[in-house]
Every structure is written in structure tokens, then in C-alpha cells.
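First, one chain by itself in C-alpha cells, the form predicted on its own.
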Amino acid sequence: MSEAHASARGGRSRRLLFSAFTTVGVPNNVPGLWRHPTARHLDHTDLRQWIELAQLLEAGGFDMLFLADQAGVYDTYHGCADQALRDGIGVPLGDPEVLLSALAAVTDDLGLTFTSSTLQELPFNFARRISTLDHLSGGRVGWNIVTGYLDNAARNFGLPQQLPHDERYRQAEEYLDVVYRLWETSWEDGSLPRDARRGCYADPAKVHPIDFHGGFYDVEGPHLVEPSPQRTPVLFQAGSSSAGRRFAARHAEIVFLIARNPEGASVHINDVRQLAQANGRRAEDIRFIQGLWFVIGSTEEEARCRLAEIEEWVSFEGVLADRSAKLGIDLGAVDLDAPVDEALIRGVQGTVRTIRDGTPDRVQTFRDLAMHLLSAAVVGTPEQIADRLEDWAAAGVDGVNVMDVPTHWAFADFVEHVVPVLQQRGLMRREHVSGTLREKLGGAGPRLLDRHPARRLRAVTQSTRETAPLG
């Protein structure tokens, strides 16, 4: 650590969590970079590539691999998906849960986290598959909960268009109520005697239907899978709108950020933690992981030259197609330098608030929204990168979501050049951490904390059963 940073941080670093962020396809964090000469995105259907990557991450001290996902094509820009197809933005795109089931067999320590929206699958079957994967991986599963934002995705599941923004979160609340009941209440502890002498594999008195009837779902149960090591997977969330922050404060254990700078991250973190306390949780119950990508050089000048070379491969049309879909507004039909009209945004509304948190003294334009993620680059030597991560940690960030820009193998450069510096400073773990993903990420045990709404639901259900009259 440099003397200035050592003095500012009290001479001691705080260990951060590290996640590798990519998709089962052509990553679209910065569109067009699949054309870069070092890119290997054309190999995304080759399982051997993924095994190699997962084992690199595991050996390199990463806590988890995170696979993003979506359930439709980006067809907002100019009213069609042509640009998304040309630039490989979100299509083709494989199923992350299928890939993670394969990677569970060739890793022992790496967390396996993925995105799945509350739109794309009914909660009963989703809960069954996640319990199965949690069993087969030894309790290493994390779920990034999203509500979806693409009208094309809604049409793929029989709806004319996406529900309004806040209505999507109301549906997600009910979705979680269902899966919590399946994971936490359907099978009691001690429900599997597996007693061959008595001929009792599962105790009928300890396995229960959930008999859920709501506005969106009706599910009888019981859950088809016995309790997995974590029961409920580690819960991630990435929404930064007002509704998204309230949702995270109630449910999330880890929140993904794409803050513009450490100051903006601090605003977001403090807001969600205050909301969490209002929901009967503690501020420390939620941790925050900032999305960043890295351009590494042996000198700062070399790193800057590499960034300039990378930027030559960026597809600006692809950027507009990507952001148009995420925001729910055709950026090809607006003045990019006009101030943002939030009433036009039907998609990921939190992007506006994220940028505003980091630059509250200036008016945001549509161009700011389009180019936001390009500002997430950290450029410099390994030591300069570590200094910058110290700044993010000082702002309250608990980890880094390392993005695969410009290529999957940006992770290899990070492991080779940056990880040793981070480990030397105490910012990154050196040794294996045993247990489930929840325990590896610093949890007190394999299961959710008792303060979490899913565990409170479990306690209420158990109390009701104990006081119910016999017969």
C-alpha cells in the first residue's frame, strides 16, 4: 500500500469479495469488443473453455463466478433487434443454470451465481431446480433476483408487454413469498429419518404443503426436494431505483452496484442500509459489490495506451442498442445531449439515480445514460488499481464484480498481475474458505439469518403448526 493510502486507511486493509461477471454468450458490457484480437467469445459454446475459466478463477482466489442472463432480445433501438444481432448483444445467449451444473462438477470452492427473473419461470419449478443445484454443488449457489425489463421477454411468456415498473416488484414480492415457503417451511428439520428398519424414508408429519394462494400464483406443494445445504440460495439483487432499493433492503444479502464513483456508491449503500434497518434487519446484513473493469499495464502510460486501443473496437451503435433496451427508450430517436426525461424510461430506471448519486451537481443527459458503463474502467498499474480499490472499500463497498472487458481472459490478466498485490495488502483472500457459499462470503452459518423475512416466515409457520389443534 502506498504511504498516502496507508495513512488514509489507518494502515490496514479490509478483505474484499471478488466475483467474475460474464454471460453464456457474447458479453455486452461494452458492445463490439468481441471483435478484439484477443477475445475468445466465439468459444462460448465450448464447455472446455468454461472449465478452464472456472478453474482459473478458483485457483486465483475469486469467491464466485456470476453469470448474467435475460429472457428476450434487445429490440428497442430503431424498433428491431438488427443491431443487437450484428453486435452479439445478448444474443446468442445460453442458459446459465445448465452451465453452472457442469461447472459444479469440476470446482470445489467457487461460488456459482446466476441471474433469473421472476418472469421467466414459475416459482415451483424454479425452487426445485435451485435446491437440486445447491445439493449437487455442496451449497455454492447464489441467485440474482431480477424482475425483467424487456417487452420481448414478456411476449415470450405470453404477456403483451412488461408490467409497469413498480408492479413488477409487487409480483416479485409474491414470487419470493412462494419460493421462501417451499425452501424454508415445506420440509422441517429432521424430516428425513431414512430408517430402513421402520420403512420410513421421509417423515410425513414433517413434510407439508404450502397451500399458497395469491394475486399472481397458486401453489399447493409440498416442495419436491429435501432441504439443501443452504435451504435458500444466497440472495443477490441489482436494482437501484427507489422500488429496487426497497426490494433489496427487504430481501438481498448482497447488492450489485454500478456506481459512477465511490461517492455515489456511498450514497446508495447508506440509503439501502437505512431501509434495511426499517425492515427489521441490521445494516451489516447487506453487503455491496461494485462492478468494475480493468485495464492493466506495467506503467500507467502503457495502461492508457491499452485503453485507447480497446476503445477503437467499441461499437457506438451497439452501445445505443444495448442501453435502449435496458432503459426502454429508443436512443436512436432522441437527442442524446438533451436532459433526461425520466417519464420516458420504462426499463431500468435506477440508472438515472445511480448517475445522479455520483454527480449530483450536474444535469444528466441521454448520452450520460448511454455511456455510463464505459466510466467503470479502472486503468493503471496493479499497484494503482489496488489503490483505487482501497478508495472503493473506504466508501463502504464490500467487493468487486470484475467484468469481462474486453474479453473473458481479462480475468487471466487480473489473476496474474493484480491478485498478488491485492493479497499482499490483505484485500483478497489467500486461503481456501470452507463451507457453503453463504459461509464463504462471510455469513455466520449456512442458512439465512433469523432477521431475514424468509426465516421469520419459517418461524411463524413453525409456531402456527405447534399451536394448531390436533385433528
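These numbers come from a predicted model, not from an experiment. One rule holds for the numbers: they count along the sequence shown, beginning at 1.
Keep in mind that the form predicted together with a further copy of the same chain is not shown, yet the notes after this line are about it.
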In the model of the complex, which of the listed residues (196, 338, 308, 333) lies with a heavy atom within 4.5 Å of a further copy of the same chain? 196
Please pick, from 371, 85, 243, 379, the one residue with any non-hydrogen atom lying within 4.5 angstroms of a further copy of the same chain in the model of the complex. 85
Are all three of 35, 105 and 136 close to a further copy of the same chain in the model of the complex, meaning a heavy atom of each within 4.5 Å? yes
Does a further copy of the same chain get within 4.5 angstroms of any non-hydrogen atom of residue 125 in the model of the complex? yes
Taking a further copy of the same chain as it sits in the model of the complex, is residue 280 in contact with it (heavy atom to heavy atom, 4.5 Å or less)? no
Residue 436 near a further copy of the same chain in the model of the complex, any heavy atom under 4.5 Å? no
Taking a further copy of the same chain as it sits in the model of the complex, is residue 264 in contact with it (heavy atom to heavy atom, 4.5 Å or less)? no
Contact segment among 292-300, 256-264, 155-163, 379-387, judged by heavy atoms lying within 4.5 Å of a further copy of the same chain in the model of the complex: 155-163
Quick one: which residues from 81-108 get a non-hydrogen atom within 4.5 Å of a further copy of the same chain in the model of the complex? 82, 85, 86, 87, 88, 90, 91, 92, 93, 94, 95, 96, 97, 98, 99, 101, 102, 104, 105, 106
